[in-house]
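As a starting point, one isolated chain is supplied in structure tokens, in the form predicted alone.
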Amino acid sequence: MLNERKLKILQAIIRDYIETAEPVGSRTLSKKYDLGVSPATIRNDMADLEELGYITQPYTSSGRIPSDKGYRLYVDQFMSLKKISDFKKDLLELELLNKISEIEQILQYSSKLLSQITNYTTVAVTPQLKESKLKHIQLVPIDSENVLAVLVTDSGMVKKPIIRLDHKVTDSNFETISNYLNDKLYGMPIENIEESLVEILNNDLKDFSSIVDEIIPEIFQSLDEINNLDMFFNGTMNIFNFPEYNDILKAKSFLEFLEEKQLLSNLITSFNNEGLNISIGSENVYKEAKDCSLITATYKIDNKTLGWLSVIGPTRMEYSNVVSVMAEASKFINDLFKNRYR
């Protein structure tokens, strides 16, 4: 159990290190912070904090830096949210209102704005298509040889594969087939829509069997091709703004981790409860993320996951600022989703 004095010293170390990226010594703490005790007392308390695992010494004779355990205590108990400036709030709201139409777009633009405001790397993730149910399908002719298949799911996802045809089809034929597909497939989980439906469809649409034989398999193939998680990255190079990544090997490791999309998506989507989740350094299950912190928001409607937004940076992250921005953005995005897709 830490007494009040040790807690103040720990908070001062964390604040100073986040601000300067330099190990913090007792003399610095004594001069910069009104702790009300002598440098010798501060040194003794720092030794206790190190023994308890809240701070660590990166190299001999250096000051101390926070450990993951120290950051966790700070985030859970002492971090105060900052007031978001009107400019930032307006930027979030105006940009999103001007550019939204689909869930993927909302998350993609949100990721871009969060990266601009926080100066960290951001990632937006949308769920797999197969986890949704079909709400509407519409076949729209582009020309005599190509048709656009617009598929809308119950979670608001929109997919638009383009299918090339060998047969010329009239607009009225497309309307007939679209109406039939909507009647038969509405509310069906995407993962349950299989090519075996072709035979059933052909029985009811004999006059269009050649078209159905051609279109339906193409739709299924397109769904398979787009069924992976969509990920949108912004601010990837922002990592070079932080002294921790002046080490080229460390920076290379971070960029390689971002390229491991399956690992990254597994990490981000493991947070599936609504609200903000903060994972710090060693708390991340993959070794590639042990030097990083992630602040992740999960968006849901009626227990259906619509997507994730995550801010990624070094463990020396400005948690107070990032959490404040994420909280403001998440409230706005959640309201947006509820108004549009409920």
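Residue numbers here begin at 1 and follow the sequence given. Predicted, not measured: the structure shown is a model, and the values here were computed from it.
Another form exists, predicted together with the DNA; not displayed. Remarks below refer to it.
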Which of S282, T41, N277, T305 has a heavy atom within 4.5 Å of the DNA in the model of the complex?
T41
Within 4.5 Å, heavy atoms only, one stretch in 66-74, 25-33, 284-292, 309-317 touches the DNA in the model of the complex. Which?
25-33
With the partner left out of view, is L52 within 4.5 angstroms of the DNA in the model of the complex by any non-hydrogen atom?
no
Does the 4.5 Å heavy atom contact test between V37 and the DNA in the model of the complex come out positive?
yes
Does S62 reach the DNA in the model of the complex if we count a contact as any heavy atom within 4.5 Å?
yes
Taking the DNA as it sits in the model of the complex, is A297 in contact with it (heavy atom to heavy atom, 4.5 Å or less)?
no
In the model of the complex, residues of 249-280 near the DNA [heavy atom within 4.5 Å]
none
